[in-house]
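Below sits a lone chain in structure tokens, taken as the form predicted alone.
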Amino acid sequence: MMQQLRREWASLMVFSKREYIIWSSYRVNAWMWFLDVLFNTTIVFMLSLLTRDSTLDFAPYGNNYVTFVVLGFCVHYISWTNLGDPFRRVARIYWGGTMDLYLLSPLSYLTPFMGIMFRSVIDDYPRVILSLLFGGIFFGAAYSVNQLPLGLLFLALILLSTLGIGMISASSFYLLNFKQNTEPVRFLLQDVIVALAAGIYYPITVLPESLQILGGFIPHTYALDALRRLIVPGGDFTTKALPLQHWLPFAPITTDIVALTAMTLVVLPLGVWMYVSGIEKARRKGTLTRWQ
């Protein structure tokens, strides 16, 4: 068992190193990556100027709109990678004609997939740190670190839950034969529900009740609610804002933990099972790559 784990880990490191070499080979991309985060943070600052004299109520999320939206960007970057990237990685392996070669090795189904996804991990995850730095250095964002361990817990939960949804999305490539760029899971969640009802740019409380309830079905809503209470200066730990918080007899942060943990325990194993089921279906039908 330990030998198998060491082999999987060593293989994962090789895949990851390969992706890092590819990513770092294009230096112009690195500069554009840096500027993209800076420009996005600048847009956030401009939006904060528009809301400075606004009557929009940001309670219970503190009093710094730049921090409010920068944290929204942080969750967005994690979600964009974990939810949207797995499908693109599977498509890359398929069109490159290498999936069957990977599966001839003694590796698990997940090792090549996770290793190839590493390129997006090094491309997108550091944007979280850059957004926080740019917001604080240039645009007046302020952060409370008194509850940092709890904040990191919520970051871990949103990472795992969105990865589970991303694997459900990736499974549709083989399981449902979606072999084009657009597939329903990522489109409906990332491009529609998250963009509309997660509250990245505005508090979810300004939305109609129906959209607030819709937002309660995605993990982003609870991660953002908790992170903003914990990290934005002046965040309120007691005032309930989300529909589920009004329905459950817990403190808001506790409700967020319960909701995110439950979603993670459901979607992550489901995503792994669906991804493996899709690979096994393709093996039976001989459609692992386009060359077969």
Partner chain sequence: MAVEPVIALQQLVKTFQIRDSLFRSHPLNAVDNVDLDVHTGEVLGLLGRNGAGKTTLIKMMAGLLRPDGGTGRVLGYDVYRDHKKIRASVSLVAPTADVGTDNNLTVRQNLEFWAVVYDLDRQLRDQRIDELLTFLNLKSYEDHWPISISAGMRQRLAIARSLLVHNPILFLDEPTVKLDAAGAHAVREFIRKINREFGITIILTTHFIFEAERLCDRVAIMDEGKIMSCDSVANLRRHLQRYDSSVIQCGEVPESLRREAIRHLGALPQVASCSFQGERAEAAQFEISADPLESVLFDALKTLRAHDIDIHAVDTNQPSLEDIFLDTVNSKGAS
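Computed from a prediction, not measured in an experiment: that's the story for all the values here. Positions refer to the first chain, counted from 1.
This protein has a second form, the form predicted together with the partner chain, left out of what is shown; the following refers to that one.
In summary, the region of this chain contacting the partner chain in the predicted bound form, judged by heavy atoms within 4.5 Å and restricted to 158-166, 185-193, 89-97, 125-133, corresponds to 89-97. A single residue from the set 114, 211, 121, 103 has any heavy atom within 4.5 angstroms of the partner chain in the predicted bound form; that residue is 103.
A heavy atom within 4.5 Å of the partner chain in the predicted bound form is found for exactly one of 207, 107, 175, 150: 107. For the three residues 14, 18 and 288, a heavy atom within 4.5 Å of the partner chain turns up in the predicted bound form in every case.
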